[in-house]
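Shown here is one chain on its own, the form predicted alone, set out as structure tokens.
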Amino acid sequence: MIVPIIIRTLTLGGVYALLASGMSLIFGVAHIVNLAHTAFFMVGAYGMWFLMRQQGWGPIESILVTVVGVTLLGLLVYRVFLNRVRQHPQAILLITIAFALVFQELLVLAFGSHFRTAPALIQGSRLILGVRVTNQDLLALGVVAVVMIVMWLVLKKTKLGIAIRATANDAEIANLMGISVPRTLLITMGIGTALAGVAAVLMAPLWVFYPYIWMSPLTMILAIVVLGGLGSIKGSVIGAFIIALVETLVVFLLPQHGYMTTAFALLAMIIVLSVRPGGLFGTIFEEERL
């Protein structure tokens, strides 16, 4: 049973890491709690299903159109709505949850509330230590690893990364240093939403989704972000795999109580916060967030 647990933990944790990293990045730089983040993930999953199964497109063009489309949608929502009220957290929460509900109802109107799944991006499977693992799972693991490495390199080794970290540290000082804070915030929102799009194209063939699926992952992602430390990408990645392991152990060891995965995940978050109230990598210094 160990190998299936490891494979599922890595796959689920990788997707959670992409989603949580995107939310942490947006919060760490723009101080926006985007409750519509998993709704963008849901829209991306439907995009993959529609393009591949309904339109007959190939995997490559479907992936490109889906990720770009989700990213542009996120940029549009930020530029037209969120940027105007960025200094008002209550308004941000209401607007983002409203957008999630709007996306939900539009998907119900367009495709109904039926369960869907996208075709696999890569067919076949292989034996690993006597356990058959689909190539789609292996592809998801590889893509997650590459994306996380690229994001780390961008944040640490490029001028864009310097601008993002400077804006997260102090937007006013960054502006005085010649950094375009509005453009940096827009790019940050684009990167965070793009991560949700990548997670969607990886999981659309593996998950069964429907127009209300954004709610359950949102609870998990919020738990991961808080557990790892608000605004800490490193904490979000580690927290994602901790929550994924807890969820997987519940499914495998207590199959009759599989519906309690969210409760056990939140319990793990509570235990960590009782020891470290700021989360695993939470800090009062804003410059250490990213």
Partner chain sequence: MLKRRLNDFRWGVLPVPGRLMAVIFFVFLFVFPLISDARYPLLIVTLACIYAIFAVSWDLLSGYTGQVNFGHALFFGVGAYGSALLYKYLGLPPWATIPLGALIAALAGVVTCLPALRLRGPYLSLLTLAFPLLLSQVARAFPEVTGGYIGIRGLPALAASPIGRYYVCLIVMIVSVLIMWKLTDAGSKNVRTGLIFHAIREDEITARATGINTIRYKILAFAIGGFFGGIAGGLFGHLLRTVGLGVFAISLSFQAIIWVVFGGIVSIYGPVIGVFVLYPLVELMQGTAIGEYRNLIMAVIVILILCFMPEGIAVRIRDKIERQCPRCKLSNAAWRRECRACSASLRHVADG
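Numbering follows the first chain given and starts at 1. In this text, all values refer to a predicted model and were calculated from it rather than measured experimentally. By rigid core we mean the largest C-alpha set that fits within 1.5 Å across both forms.
Same protein, other form: the form predicted in complex with the partner chain, not shown, and the subject of what follows.
Judged against the partner chain in the model of the complex with a 4.5 angstroms heavy atom cut-off, the residues A98, M260 and V275 are in contact without exception. Looking at 52 to 60, 31 to 39, 65 to 73, 238 to 246, the stretch with residues near the partner chain in the model of the complex, meaning non-hydrogen atoms within 4.5 angstroms, turns out to be 31 to 39. Checked against the partner chain in the model of the complex, the residues L153, L94, V146, I162 give one hit for a heavy atom within 4.5 Å, which is L94. Contact annotation: of the candidates I173, I128, V85, I122, the single residue with a non-hydrogen atom within 4.5 angstroms of the partner chain in the model of the complex is V85. For F111, no non-hydrogen atom is located within 4.5 Å of the partner chain in the model of the complex, even though that partner is not displayed. Not displayed here, the partner chain is approached by M269 to within 4.5 Å at the level of heavy atoms in the model of the complex. At the 4.5 Å threshold, heavy atoms of V251 stay clear of the partner chain in the model of the complex, well away from it.
Not displayed here, the partner chain is approached by F27 to within 4.5 Å at the level of heavy atoms in the model of the complex. The partner is not shown here, but in the model of the complex the stretch 217 to 256 reaches within 4.5 angstroms of the partner chain through a heavy atom at T219, L222, V226, G229, L230.
Superposed on the core, the two forms differ at V272: its CA moves 2 Å or more between the shown form and the other one.
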